[in-house]
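Here you get one chain, nothing else, as structure tokens; it is the form predicted on its own.
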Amino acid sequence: MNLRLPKITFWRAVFAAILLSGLYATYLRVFYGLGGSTNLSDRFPWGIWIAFDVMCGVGLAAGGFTLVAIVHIFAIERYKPVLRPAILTAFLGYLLVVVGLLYDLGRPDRLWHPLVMWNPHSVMFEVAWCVTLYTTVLFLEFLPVVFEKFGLHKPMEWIHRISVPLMILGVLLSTLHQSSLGSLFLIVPEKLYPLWYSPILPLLFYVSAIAVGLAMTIFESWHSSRAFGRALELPLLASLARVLAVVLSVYLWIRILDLTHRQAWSLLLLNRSETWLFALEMALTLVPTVLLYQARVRMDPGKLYACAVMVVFGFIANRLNVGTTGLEAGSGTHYIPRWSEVAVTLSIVASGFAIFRLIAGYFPIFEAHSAEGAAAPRELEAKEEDPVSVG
């Protein structure tokens, strides 16, 4: 039996370097604690492991509950071909969020405490329970793919019997969790910079999560089509992009009304780092919103992908601004992540991509569920010409 070693390529070498640096950073975290492996302090206790690994990770996994709501609750069946990849992305996203929490918690061995030591008056208690329950729901939603791969028809029948309440529970839990992340910052009105502090932060977090969930579906579909040699579901994704444009418009409109109501526009006249980072965040959101209203952009794979990337980076910029930039002035300190914090974050992201590719290569992630879930390309193109309704 001849064993063939994998071919060494540039990206595989980069991947190996990221993982090795992440392993060494993990060693530092375990043996030297937070103080010896991060630039966190009592004055600034939350860094990129919360702002990116958790806040961004949870949001970037929002495609699961968004597509489940569209397909199973609003009964728009033509989006079924992109449902399984969205659920897998969400499942892996939440698992990696838990991994990120293990790094950030001072006592990761006590991660299970909120499940048995209840404090219903704490937002963190609700976050812990929602993450636990929704990760479990995503696991159950993904199980039919495993059963289908191994021909386990009886367990598949059991899952199908509870699929409807399971989907509804998943959408409900994710809705609660996406908004509760914004609720965490309602207790620091004097510390969070006014460009980002708002009493409606839970609503803003929820709407932006829906938008980035749709963008991540487009992002993942584009990369999967190139990695696995599949045809891109362009008419389907173009239709999804029009929904994304509407959601982004709603988000921007809410944001503008909020800033106007709080009389915060004058802060943009100040020459501060917060001003420029806010401008970057808004530009990364406004530009794809305008572009995605144009059919020629939506039907061009490269332009559609570029818009999805801008939405994703705009979302990441917002979460980093809320979680780090907006808190620096109020804390009286300046936070720059240590290399080990960045290494852990990059290794978590790289592992997510690698695990997705591995699972997608062995399980029927991209296969159509059935004839009911696959519309003819001509029918999809016709639907792209009509407004998409989710009501």
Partner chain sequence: MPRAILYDSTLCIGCKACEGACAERWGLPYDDKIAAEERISAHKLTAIETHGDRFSRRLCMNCVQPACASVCPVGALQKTTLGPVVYDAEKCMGCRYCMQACPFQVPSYEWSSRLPRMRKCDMCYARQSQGKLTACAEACPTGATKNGDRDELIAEAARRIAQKPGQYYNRIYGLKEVGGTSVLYLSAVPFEQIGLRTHVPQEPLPETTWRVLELLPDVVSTGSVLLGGIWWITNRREEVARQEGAPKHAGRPPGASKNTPRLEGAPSQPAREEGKHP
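Just so you know, these numbers come straight off a predicted model, no measurement behind them. Numbering follows the first chain given and starts at 1.
Beyond what is shown, the protein has a form predicted together with its partner chain; the following relates to that form.
Stretch 155-163 is the contacting one of 215-223, 155-163, 310-318, 131-139, since its residues have non-hydrogen atoms within 4.5 Å of its partner chain in the predicted bound form. Taking a 4.5 Å heavy atom cutoff to its partner chain in the predicted bound form, the contact residue among Y251, Y79, Y193, F278 is Y79.
For the options A238, V247, I87, V97, the residue carrying a heavy atom within 4.5 angstroms of its partner chain in the predicted bound form is A238. Mapping the unseen interface onto this chain, R43 counts among the residues with a heavy atom inside 4.5 Å of its partner chain in the predicted bound form. Residue contact check for F74: one or more of its heavy atoms lie within 4.5 Å of its partner chain in the predicted bound form. Interface residue remark: G302 is not counted as part of the site for its partner chain in the predicted bound form, having no heavy atom within 4.5 Å. When contacts are judged by a 4.5 Å heavy atom cut-off, L358 does not count as touching its partner chain in the predicted bound form. Contact residues in stretch 16-36 (any heavy atom within 4.5 Å of its partner chain, taken in the predicted bound form) are V30, F31, Y32, G33, L34, G35.
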